[in-house]
Ligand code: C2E
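Only one chain is shown below, in structure tokens, and it's the form predicted on its own.
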Amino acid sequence: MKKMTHSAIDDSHPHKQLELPLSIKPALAASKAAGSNKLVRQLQARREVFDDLRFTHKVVDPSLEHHTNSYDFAPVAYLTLAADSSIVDANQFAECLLGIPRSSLCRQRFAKLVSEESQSIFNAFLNKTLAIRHHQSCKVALQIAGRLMWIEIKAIADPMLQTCRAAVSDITEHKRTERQLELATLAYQAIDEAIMITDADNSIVAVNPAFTTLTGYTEEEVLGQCANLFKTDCHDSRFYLSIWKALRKTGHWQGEIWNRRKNGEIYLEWLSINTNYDSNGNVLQRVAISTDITDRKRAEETMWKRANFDQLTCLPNRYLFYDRMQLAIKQACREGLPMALMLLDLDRFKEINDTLGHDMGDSLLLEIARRLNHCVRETDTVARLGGDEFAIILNEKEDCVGIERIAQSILQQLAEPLLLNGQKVNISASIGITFYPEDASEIEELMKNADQAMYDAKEAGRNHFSYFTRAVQNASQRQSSLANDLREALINNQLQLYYQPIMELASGVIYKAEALIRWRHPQHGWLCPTDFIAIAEKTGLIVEMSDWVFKEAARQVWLWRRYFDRRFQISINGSPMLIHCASDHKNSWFEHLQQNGLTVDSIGVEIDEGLLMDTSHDVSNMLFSFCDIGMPISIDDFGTGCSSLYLLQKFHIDYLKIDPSFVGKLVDQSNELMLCEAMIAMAHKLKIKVIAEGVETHHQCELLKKMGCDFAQGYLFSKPLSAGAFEALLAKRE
């Protein structure tokens, strides 16, 4: 079919009528000369068709009314379809939109481009369009060169030629947004945490099913009500004023709060409130996410006591003792004062227990615990490790004289006869003593040392104390040697950082990387990080090493922000030992960034899910410190642990890194695909960005793009590179 243009039929209205092509004008003249009006009537009918089509799709360039080639260059994709869906004509925009040359388009049926699931919709649409003169529309999916495209077609029939003129629009992004909204809505409805949304006046506008389960109020009962409906007398006015002060200042508040259910029951919940603003900074809504932690709080307290204290003597048990040992070692390291560990074992306790019975044995242990506490200061720790074995941590002892005086006092106190149920009982003890850091720097080694010293005291005739004097074993020597080499490596710049790029999927731009440490030993060559990281953690060098990693990454990110991308961010791995032992580092790190003109978001910290679940105060304080200064936090290997939405909200997690075990099995219709899709939707609902690790194929990358994943990392893009090689990669991509 040849392209048609339109000439003016009525010269009195040149801007409202169609212009005919030159090829038709001679025919019109001949027709008039012959007295025939048939061609005029056909052209007038066609003019009406074009007028209707312009009404149907108003974005068509007005120059269509005046110029022959305006159809070809219109900023809208136009197709002319026959009754069997054959493409009779197409303009240049249609060629660009579909990615198929017009010469190829006009030799095939449009129905062949339509995906299988949309065939019935398209066929019904085409039949109806040709049967009814009024304009019709439909939305269908196209399958073109392996890619899926959603389009909207608006068309009107040309009854004279039994064709229809169709305007085609790409709505793929709109469909993707609809899918994301569906997933977000599904997560909103299925999420275990209660969600309440209020307007700027603090009136409730929406709640989810979990909210009804938590409070007992139905949606109909709370809509339009003020959010203070659940308020109790457990908090004074200053508490609520502090919440509003934080919301007005930062738009966010989170913490524990007592609220009231519909039945009047008081419960404790963890509440997190975030504010949404309009473009002018005015409050649109506030979103409150809450979790009932009443039972968990009570259970945690009970379980913590059971897990940390001996049920008989109420002394710290073995678990809490190890925790106290870690704190004592940390304090000794920080203040430069030695710490002593005593292990104490009662002599012939089994004989007394078997002779007098277990009840008498328990009474004896209670009295021993009382006497031991009487011999030490409140700042020291007395623990029962099990049976008749006790341990004592003596902090800040400057000399052996004070240690020896305490040991002698304990032996004298325990040697005093005990009166149990009117019966006199004599008991003695053997004590082993070791020192940190003189004898060892690790808890297990100190325990072995003290146990050996206690055995020596028993061998000496019981009722004695003995110091550890045994030489360090071969394995310890090797570890110590490697630890010394590691210290030298830090001094002599033997350590290197390698960087693996993290690509933003939407743009294909790389402005993030993960820093990975490497060590080339002068004698042993390249060492596996798992070998020397473990030694660094045991010796405490992990703190100094992490400090070096942080400063080296900061130096590198300063260069890459200057020469490549101002958004550049490098993430470093947060060792569990670092989190436990280096809470003071967050201030020095923050100051280092400020001194070098870097913002806090230039360096991020990656932790694993296990550390997130750690309930110790050191971990919580360190993570809260990172949150306070605004340093980004990523959860590494997400999906393999037991993280909760409560903890993700509590610590303001910025990124979730999907574990490679999920990404590696990512194929169409797989369980891993559904899991990844759910994790991404959940994270986005919580305003957390997602990084997929271990991406190795283009198909995995495309699936992650369709799911809305934010970033990807893996060998598809690059292995870890030295700084120079990484810069070359960035320069090449630019």
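Note that residue numbering begins at 1 and tracks the sequence as displayed. Computed from a prediction, not measured in an experiment: that's the story for all the values here.
Unshown form predicted together with this ligand; subsequent notes refer to it.
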query	finding
is_contact(N573, this ligand) in the model of the complex, heavy atom dist at most 4.5 Å	yes
Contact flag, L516 vs this ligand in the model of the complex, heavy atom cut 4.5 Å	yes
Proximity of I533 to this ligand in the model of the complex, heavy atoms at 4.5 Å	yes
4.5 Å heavy atom contact, G694 and this ligand in the model of the complex	yes
Interface residue in the model of the complex among D345, D654, D637, D89, criterion: non-hydrogen atom within 4.5 angstroms of this ligand	D637
Residue (of V168, L130, I542, I502) lying close to this ligand in the model of the complex, criterion heavy atoms within 4.5 Å	I542
One stretch from 629-637, 241-249, 121-129, 440-448 that, in the model of the complex, holds residues within 4.5 Å of this ligand by heavy atom	629-637
Check all three, V549, E606 and P720, heavy atom within 4.5 Å of this ligand in the model of the complex	yes
Contacts with this ligand in the model of the complex - residues in 703-723 whose heavy atoms fall within 4.5 Å	G714, Y715, P720
